[in-house]
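As structure tokens, one chain now follows by itself in the form predicted on its own.
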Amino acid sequence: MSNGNTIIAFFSRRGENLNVGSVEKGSGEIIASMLSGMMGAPGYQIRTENGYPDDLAECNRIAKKELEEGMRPALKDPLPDMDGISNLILVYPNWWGNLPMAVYTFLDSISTDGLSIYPVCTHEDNGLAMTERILAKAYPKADVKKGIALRGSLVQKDPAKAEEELSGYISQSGLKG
């Protein structure tokens, strides 16, 4: 079923991940693929020009510096066509209780006025943390909806269970799939 007013924007990272080791496909990418299949909505991968290292410690060092400095890393790909889009399913990992700075670069680059944002957060122990409130404060003209948090290890090790949880979220959120 096609959902022409919805887009799935996702930030995902392959390489070494907490509690699962090295992965070829990041949890956010897996989730975005699942959601696209359920919703019939296109996906847009939020990627930075410089990328992030596969080594978790090195990635953490760079990402933490970006957060502390409030950086907005340049995006690698052209922005998606947002004309006619009213729903944004935003898939991102919880990095220190916040979103990766590349996600802010994306959101700062599009009009969020009147946009319904559905947060889908991957994590290993802090859930959504304050990311729903952070989004609502940073983008006050958007309508930030109740989100869902999925452990990255669940997505990687039991994708059927993760898909079941996502399906429930889509049904409860009012989005049509």
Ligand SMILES: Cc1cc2nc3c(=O)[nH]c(=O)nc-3n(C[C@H](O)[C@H](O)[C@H](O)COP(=O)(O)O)c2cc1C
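From a predicted model like this one, the values you see are computed outputs, not experimental measurements. So that there is no doubt, residue numbering starts at 1 and follows the sequence shown.
Heads up, the form predicted in complex with this ligand isn't pictured, but that's what we're talking about next.
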Partner proximity in the predicted complex: Pro119 to this ligand, non-hydrogen atom cutoff 4.5 Å: no
Contact flag, Ser36 vs this ligand in the predicted complex, heavy atom cut 4.5 Å: no
Exercise: Pro80 in contact with this ligand in the predicted complex, heavy atom 4.5 Å: no
4.5 Å heavy atom contact, Asp125 and this ligand in the predicted complex: yes
Listed range touching this ligand, judged in the predicted complex by heavy atoms within 4.5 Å, from 36-44, 136-144, 110-118, 55-63: 55-63
In the predicted complex, residues of 68-106 near this ligand [heavy atom within 4.5 Å]: Pro93, Asn94, Trp95, Trp96, Gly97
